[in-house]
Structures are given as structure tokens and as C-alpha cells.
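Provided below as C-alpha cells are two forms of one protein chain, presented individually as structure 1 and structure 2.
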Structure 1
Amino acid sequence: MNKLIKKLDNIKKGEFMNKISTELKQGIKLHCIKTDLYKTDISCIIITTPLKRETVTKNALIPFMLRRGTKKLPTQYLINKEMENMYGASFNCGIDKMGDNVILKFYIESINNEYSLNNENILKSNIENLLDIVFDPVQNDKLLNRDFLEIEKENLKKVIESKIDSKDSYAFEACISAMYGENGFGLYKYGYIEDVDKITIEEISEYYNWLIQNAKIDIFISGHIDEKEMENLLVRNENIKKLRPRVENYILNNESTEIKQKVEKPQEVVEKLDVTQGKLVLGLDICSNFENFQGIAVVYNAILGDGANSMMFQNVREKAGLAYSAKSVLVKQKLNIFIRCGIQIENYEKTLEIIKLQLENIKNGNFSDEDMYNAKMYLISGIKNVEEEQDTEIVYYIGQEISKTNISLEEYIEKIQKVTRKEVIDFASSVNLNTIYFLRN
């Protein structure tokens, strides 16, 4: 362990990027991530709203409708042409699920102003374009474009129908759905096929206008930037001016807000499809809180199943040869760990038995100091790599903002450093099996 301490001591204060957050209006924040590590700037708008059965499909449609045109650039062709004029800037959008919320995300990546040929303010233009895409779309009498809706309905149907194509992802979502039902985290982020055709242009337009005036909005700008300049640019923008202050209308999920009750007997769900490989997913609840939850949880998960040195990989996949893939995923916002395995269907009972043995081994302290060392070094290496990828760093801070943990990368490493063997064992005793899901033929 001394080797670990020496390596960790080499991490210097101030090594990571500098994030400065400013509230533009109540419920609308600007987050400037100042760095000169890249030749690019990224502007990102995040809209966060609760996952609800009645709105989840509408949320999935909105980003893809908005990308098709603004009042200034009323077609997708013109938006793409504008990106080309900005030295090949790239625009994209999508949705993601984070705890009991869905986030609508829009972002533009472009070269830094200092690399322009004619001293253009590329960043300013792209921020303004992004704000137009999200807040000033093509509308007629407050209605979004009807043709855009019909096109994106057909596209969304294909996305929802293709969910079954990736059996690994399908099984993971099915396990979550079995645990949470059609509530919050249990909902599929792209919505439901039976709802798509029911959505009218009047209904989605009304919802869009409600969303931008009520949802939590975060604007992230990363690059070689001046935060005061960015703040001035945004407060003067007409799109920001027309947004009203709001109470942050979303569901806060973190280790302090989530409470899990121990399940005495886990539910078992078996689903049969035309598959050649079984998909086994175990949903685990974390039933206690800990002072250093974030640090302990990730170290425990790394020992269990995150990485090539983990128990799942070494004992289930390599030594026992029972799984093609074996890993565990921590969902901190919901205090869950999901164990995911691809197995031969006839190995179901054997695999389940050996997975349960790994859980008991950690609970009984049957892991080595080397396991602790490998887990910490694996995690710290991953955190340090975050600063190597600009978009990954933004994603990290989005998660921190939505969960209201707001831990810097440097602080995160310090939390991992402090985790003790006893804390991992105590944590293991709070981990309880909730659901066993098996997809087979």
C-alpha cells in the first residue's frame, strides 16, 4: 500500500481544470470550464426534467425536432452549412437518463478562436447558434413545425423498435424496469411506441413551451475562455432574456435523498426470446448511507466487477469460464449496482452461484490489499484520463450538477484515497440483492 500512497502523493493541487458556475437567472446556470489543453471549444445546453410516463416520449421527440431548423436557419441543411462555415464545427443533440430525470442535450464543438484565419469570433457565433436551436425554433403561432414532427415520429418508432437488437442493453433496461416499473428510473428514455402516434403538434408545442420556461437549464462552455465574457454574452442574448426564472423543476437523486429498504427475497424474472446467448442481470440495492459514500461505492464496485482485475472478471469469466462478459455497473444516483453477464444458457445456476459467492467474499473481507490497490489505481487512472477528453469532463460535471454533489476531480481522487478496507467490508454488508433477471431462449 505504500507504493499506492507514493503514487497518489504525486497528484498536485490545481492539476485539474477550473470550473466556475454562475446563476444567470434562478434555475438557469452557466458553467465555464477554463482550460488551454485543447484546440477546441465545446458549448453545451442541458435541459433536465423528471421522467414521467406521460411526457417521456415527448421529451425524446423534442431534441430531434429542434435540430431541424431555427427562425434564422429554418432547415437542417442551413444549420449544417453554418457549421461548415464555422471551420467545420459539429452540432449534435440527444437525450439521456440520469436517475429519475431525463436530460435533453445539445452541443456544438468548434476550433478555438485563436485558430481562425480572419479573427472571427467562432465561439460567440456557435453559442448564439446553439441558443437559437434550443430556444428559437421554427414556429408558426407558437406551434412547432408539423412536418418536422411527422418525420421524427417515424424516426423515433425505429429507435424504440430497435431496442431489442442489442440484447445486452435490452436485458439491462428490462432489469431496471422490473425493479422500478413505470416510475422515474424505470422508464425507457426514448419512450413507448404506443404513445408516438397520439402526439399532436398542438400537444408537443405546448409541452415544449412549458419545458423551456420551467425545466432546469445548465449551459456548459469548455475551452480557452474568459468566464466574464461568456456571462456577458449570455445575459445580453435575446433567447436568454425571454426565459423566465424558475424553481429547478427536477428530482434530486444522490446518496442523501435515496432510501432503500432491504428486500428479504429477490424477485426472479425470466424472459424468453430467440437468443443464442443468455443475458443475466442482477440488480442490487445499497441499503445504508456512508460519510464518504462516493469514494467507498466506487472502490467496492471496482473490486467487485469494474475492470480486468475485478472479482467478476477474474473469477466468473477467466477462472470459472462461465461468462463471455462479466462486469458490474454502479448507478450512484439511485444507489444501485447492476451485475451484467453474457453466459451460455445452461450455465445459469452455476453463474448465479459463483456471483453470489463473490458478494459474500467481499462482505467477509476475503479480498487482498492488492485488490484494494488495483481498484484505487484503476479508478484514479480513469479520473485522470477525464482531463484528456474535453467532452468526458463536461459529462462528469453535468452529473455533479444534477446530483448536487459538485465534487471536483481532485476531490474525487482524495475521496478514493481515503477509503479503508473496513469501510469496503461495511459497505458490502449494506448491498442487498433485489432482482435477478435472465434473458434466455
Structure 2
Amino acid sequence: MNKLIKKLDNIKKGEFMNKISTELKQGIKLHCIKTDLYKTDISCIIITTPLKRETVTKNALIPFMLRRGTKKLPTQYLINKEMENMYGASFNCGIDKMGDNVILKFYIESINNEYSLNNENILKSNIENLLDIVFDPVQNDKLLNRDFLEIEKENLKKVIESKIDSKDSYAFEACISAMYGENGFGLYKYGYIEDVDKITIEEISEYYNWLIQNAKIDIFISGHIDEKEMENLLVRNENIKKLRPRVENYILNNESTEIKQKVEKPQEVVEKLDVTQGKLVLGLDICSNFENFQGIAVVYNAILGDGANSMMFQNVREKAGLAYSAKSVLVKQKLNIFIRCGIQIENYEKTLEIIKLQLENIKNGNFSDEDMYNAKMYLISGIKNVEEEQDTEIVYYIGQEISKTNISLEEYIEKIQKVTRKEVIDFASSVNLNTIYFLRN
């Protein structure tokens, strides 16, 4: 058996006892999340690599190519038949942006073995198929299947074009892009139309083979499982045996790595599209570091715009009646907060004024102890929910793994509880408006 370095994360106080991480090889980890709360198991392979203009489109194309067939099940129809036979196991893949990195994710959700009608080992079959999809695609002489390429390039183009279909997320992406340009976090996760045509089968195959031998790989399995059994299954799997140890090569984004300068005057971007409702997005920078950054940032954001008691919800929606949806989102990795709301186009100035007033109010300490209490309560109850929702729990652990943070849910709650009014006010002074983006007709 391979040399296994066993590491138990956060045994402290028993809170994280249900997650056991094992390094299978350098740069390749197995994370078992043991839970008997669900009727389903989820297996998930995550590949993490930096977002770069040169490779962003190729990264996006890879899941499209891989879902098409494995050596054992060489067409997607065979894969789909197999999934249906496994009681409608749902296989899916996609691309996510996390700070300056892109995450390629491949996952299968299926019912737990105890609900099978003929005693099949559904989980084992799914894990093996998932590993085949990612690491053992149809290949000829190290080239991926040429026949799939043209159609998948067309499919990728359609996905890139569909960016416009959801106006809310279009506006959000457009604001990020206005702030960061075509760099790292500013890139569109599905890439760019003009790159797609140029990609050849040689290029995508070479990139794929480089990626699986060099990128950080994490395998998450959540469900009614035995971690020893899972580990054995993976260690003996031919696909895992073929993978070489690697140095994790991705960009670590956090409050120490990101340094922001205050911009004097925020840039204003107005874009016109045929929309009924205007979509307003404000991009804010957090311009200094704090000791308990994690705690203070989430409390500040909750007071500002996360939840029904927040200033955004209360003032923009409830008092002024300007919006149905009015909130703020914290992007921890990049030290940004984004304020988002959908408004009547002629209310642009009025809404902006009210939002700016809220930002000033926090800065000047114009919020009550009750606001502090409500924000903390809201956040803590959210954290307590993490272990009660299977996908939320996996997403939480992925975030921890990529940001190399190891705080237990209990520690996270403590960090929130100890945040003081003064800390929120100090933090507010470091929050600076960078970009105002408005999508209108």
C-alpha cells in the first residue's frame, strides 16, 4: 500500500469529527464526510487551478469533453444508462470561480445503498464511474476524442452566450469585470467566444493531461460511509494509481494576500440592455486587514445587507419600497462586498443615495446594539445549518480546503460572538466604494 499520511482535521471538541481527510498522494486528498442524516450519498471530484486569461476557456471546455465518455462507457448514452440503472444517480459537472482560481467539479448524487431494491452497491459503482469520467476518458494516443470536440466547442459557445439570459447574474459579473478587467477574478468562468474556435484537439488534450498530473485534486465523499472502506477503494483504483504526486499550485486568496488601495472616486458604469427592471450593483473594497477579519467582515456584511433585519432590506425595501430584492454579498477571498438590488430605472439616484447613507451610517456608528445582536444571531444560525444540509456542508469544506483555513464551526461561531461595535465601525472606515454598475434599458 502507498505511504499514507493520515491527518485528522480539527478533532477539537468533537465538532468536526464527521470529516476525515487523508492525503492519498501529495496534492491529492480524500475527504470523507460521515453522516447518516440523508438518504443520499454525494461523491465529488474538485480540480483547482489558477484563473488565467490563456487557459480560462480551455478549463471550461474540459468538463464538456470529459462527460462524453470513458474507456469503459465510451458514449454519454452508456454513461446515462448506467446512471439510470443506479436509481437515477445524477452526474453533473461544472466550473466555479473561487477568488483567483477556477474549480472544475464533477459530482454524482445517488440514493444510499440501503434504499436499493436489488442490493446493488450504488456508491461503489458511482465512485468508480466518476473516477473514470475524470481520469480515464476516451483517448487515443494521449488525444481526447476528436469527434467530440467540434460539438462541445459549439456547446461551450452557447453557454458563454447564455450569460445574458439571467440579467441579475449578468449585472453581477459585469461589475466584477469592470473592477478587475481580464485578470484572475475578473475573468468569466466559462471563458471567451474568440478563444473557443482556436482550440485544437492537440491543445485541449495536452492541457487536460497536464492538468490532471499537476493541479490540486480533492475528492469529497459524503454519506453513510466508512472512511477506511472509501480509502481502500480509492487507493486500489487504477486511475488514482496513475496519478503522480504534485505540488499544489494555485493562488491562495485571503485577508493577508489581498491588499487594496482606496480609490478616490468610484468608477461609474452604465450598460444598456432590454430589461424591464434596472439592476444595480455596487462593488466595495475592504482596504485594511483586521485581526479577527473573518468574524468582523461577516458581521459588518450582515448589518449592511445580509438578511431581513439588514440596513439594505429595511431601508431600501421596507422603508422606501424601492426594491423587492436588496442585499449585500461578501466575497471573502477578494476582500470585496457587492451590494445588489433590482429597481425601477428612474429610481437610480434615489436608491444610490439611500445606499450611500447606509454605508455612512455604519461608519458613524448609527446602528443599534439590536442590529449587532440580530446580525450575529442570523449568522450563527446559518452556521449551525451547515451540518444539516449535505451540499452546504461539502461547499463549506471545499471553501476551507481552498483557503487553507481550519476553523471548526464552533470556532467560527466564537469569532462572530466576540466582534464588538467598535470593530465594526473601524472596519466600516476601511470599506470603500470602487465601482457603481447599472444595467438599464
Partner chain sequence: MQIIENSKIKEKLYIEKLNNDLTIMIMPKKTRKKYIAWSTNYGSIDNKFYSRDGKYHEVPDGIAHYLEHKLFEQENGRNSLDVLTSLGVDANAYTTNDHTAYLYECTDNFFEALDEFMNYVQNPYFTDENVEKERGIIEQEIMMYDDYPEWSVYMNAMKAMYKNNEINIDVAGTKESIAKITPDKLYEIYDSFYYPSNMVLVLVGDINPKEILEDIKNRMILKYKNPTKRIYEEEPQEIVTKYIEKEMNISMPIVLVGYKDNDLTSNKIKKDIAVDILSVLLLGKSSEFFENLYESGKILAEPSANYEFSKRYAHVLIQVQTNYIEEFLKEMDTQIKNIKENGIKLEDFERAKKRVYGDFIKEYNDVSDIATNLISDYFKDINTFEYLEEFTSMNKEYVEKVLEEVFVENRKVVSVIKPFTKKD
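Numbering runs along the sequence of structure 1, starting at 1. Remember, predicted model here, so these are calculated numbers, not experimental data. C-alpha atoms forming the largest set that superposes within 1.5 Å between two forms make up the rigid core.
Only structure 1 comes from the form predicted on its own.
For Lys272, the Cα coordinates differ by 2 angstroms or more between structures 1 and 2 after the core has been superposed. Once both forms are fitted on their rigid core, the CA atom of Glu120 lies 2 Å or more apart between structures 1 and 2. Relative to the superposed rigid core, Tyr324 undergoes a CA displacement of at least 2 Å between structures 1 and 2.
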